[in-house]
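First, one chain by itself in structure tokens, the form predicted alone.
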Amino acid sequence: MLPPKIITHLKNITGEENVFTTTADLYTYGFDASIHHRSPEVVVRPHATRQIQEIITVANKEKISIVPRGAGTGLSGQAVPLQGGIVMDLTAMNRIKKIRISDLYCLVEPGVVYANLNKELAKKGFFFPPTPGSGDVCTIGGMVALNASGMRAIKYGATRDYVLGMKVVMASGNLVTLGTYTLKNASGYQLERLMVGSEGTLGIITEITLRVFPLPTKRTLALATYSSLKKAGEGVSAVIAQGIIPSALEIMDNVCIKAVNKAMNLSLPNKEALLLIETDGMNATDEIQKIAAICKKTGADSITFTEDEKEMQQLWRGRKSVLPSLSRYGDNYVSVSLADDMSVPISQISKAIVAFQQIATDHGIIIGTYGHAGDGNLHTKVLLDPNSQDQWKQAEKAVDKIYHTVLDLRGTISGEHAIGISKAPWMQKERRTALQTMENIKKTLDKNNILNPGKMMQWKGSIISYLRYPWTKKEK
């Protein structure tokens, strides 16, 4: 427990109502959406940059760890406070400070919810495109910290592609301004890009300047079904090889289809795989018809498409429901985020998804595969009995083989959920020649290692640690 004088100091900075120390509060803030949990010693909710500077100055002097947190939707354990310390809840800093359509940017605080920002931008005919699955609740600060994206990244890119600048409180308490308000910038080191994806380990972001895009005039959505998972993967590659860039190209395997139909009472076709393909813009209809022809050539059993907004929302509702629905796949199963966010070259999609299913069979576990196939970003969720030590052990072995398959295919460990704890051992293998450079940057900017310590290159041991489930492996 932190000394009472520290708690008192924090209350003086933010107000007593913004400091939380009850057992229930601390336990709640020990979670994000990953498999991990560890309670902090205190939670503090600042409302202004000045307060963050004062809090971090105290923490740095006393060598107390700080873990910044948005909505807690991260799937890899980034917001789990491994050393206890302070969790800094940034959701109260939720102002959209400026929207300048004439300059194609907006200025927001880190606690702004993605969906709320796009609601305001839509009034002016614009949007912030990355489209994460948790977009109704996730915050812009969290998206920046993890370089989040989503189903429309194939055409519009990830969060990093929209960050023009930001303000960051460093471990010393100093406030620095990075980047610009301009679309082009060749002035010095692009330090704002370094902060994107840094997972709260280098500084605490307090303001973000984002580029915005015009909303497309039209959207069209196609549903293609396949009796072969391999052929569905080949269909993805074939579409991209023809030079057509859809605004979304999603895949769901049969495990995901059955889970969604059961949990959501939908009637998606019970096939081995399906593709959801969206085109947008003036040529959306022509492009979707070309895509339909390509899917047919690659073995699709059926292809339907619609421009009806309600029908499109219903299909996307099914796709967005995969993650929660998988825990309803069978009795005693829960869906856990293990090996859940790899990316492979688009041409290797078919090999990857077939290999994942074989690995699941070999280890006697169930794996659902889905994701943003159009840009090679796949998600796998392991379904297991959380009370079974054997299933956890088999899952860990399977995850290791999945990630080694990804690396053998020249892929990367994470496409959009970042590293945290859950992917750290394999990121360390993938980035082995860069690990010391990463550690040097961390030491330079955070010499006392107070900012989200123990994550990414600093994680040691098995990922089956600090579990939120009843059975847990001994922490190292």
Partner chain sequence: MEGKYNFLSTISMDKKRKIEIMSCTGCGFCKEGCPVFEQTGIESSSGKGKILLAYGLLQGDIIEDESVTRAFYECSLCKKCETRCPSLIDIPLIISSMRKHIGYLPQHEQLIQNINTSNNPFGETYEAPVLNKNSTLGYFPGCFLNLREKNIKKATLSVLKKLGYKPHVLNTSCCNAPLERIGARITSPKRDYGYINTLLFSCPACLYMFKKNTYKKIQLSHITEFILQKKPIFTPWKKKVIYHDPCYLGRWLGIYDAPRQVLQNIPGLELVEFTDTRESAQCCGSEVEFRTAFPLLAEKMGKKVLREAKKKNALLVTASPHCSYHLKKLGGHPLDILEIVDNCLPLK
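Since the model is a prediction, treat every value here as computed from it, not as a measurement. Residue numbers count along the first chain shown, from 1.
Form predicted in complex with its partner chain: not shown, discussed below.
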| property | result |
| --- | --- |
| Contact of residue 444 with its partner chain in the predicted complex (heavy atom, 4.5 Å) | no |
| Non-hydrogen atom contact residue 416 with its partner chain in the predicted complex at 4.5 angstroms | no |
| Any non-hydrogen atom of residue 380 within 4.5 angstroms of its partner chain in the predicted complex | no |
| Contact test in the predicted complex: residue 45 vs its partner chain, heavy atoms, 4.5 Å | yes |
| The single option of 358, 387, 270, 174 touching its partner chain in the predicted complex, heavy atom within 4.5 Å | 387 |
| The unique member of 435, 58, 33, 409 whose heavy atoms fall within 4.5 Å of its partner chain in the predicted complex | 33 |
| Option from 271 to 279, 217 to 225, 162 to 170, 85 to 93 whose residues, in the predicted complex, bring a heavy atom within 4.5 Å of its partner chain | 85 to 93 |
| Sequence-ordered list of residues in 22 to 45 near its partner chain in the predicted complex, where near means a heavy atom within 4.5 Å | 22, 23, 24, 25, 27, 28, 29, 31, 32, 33, 45 |
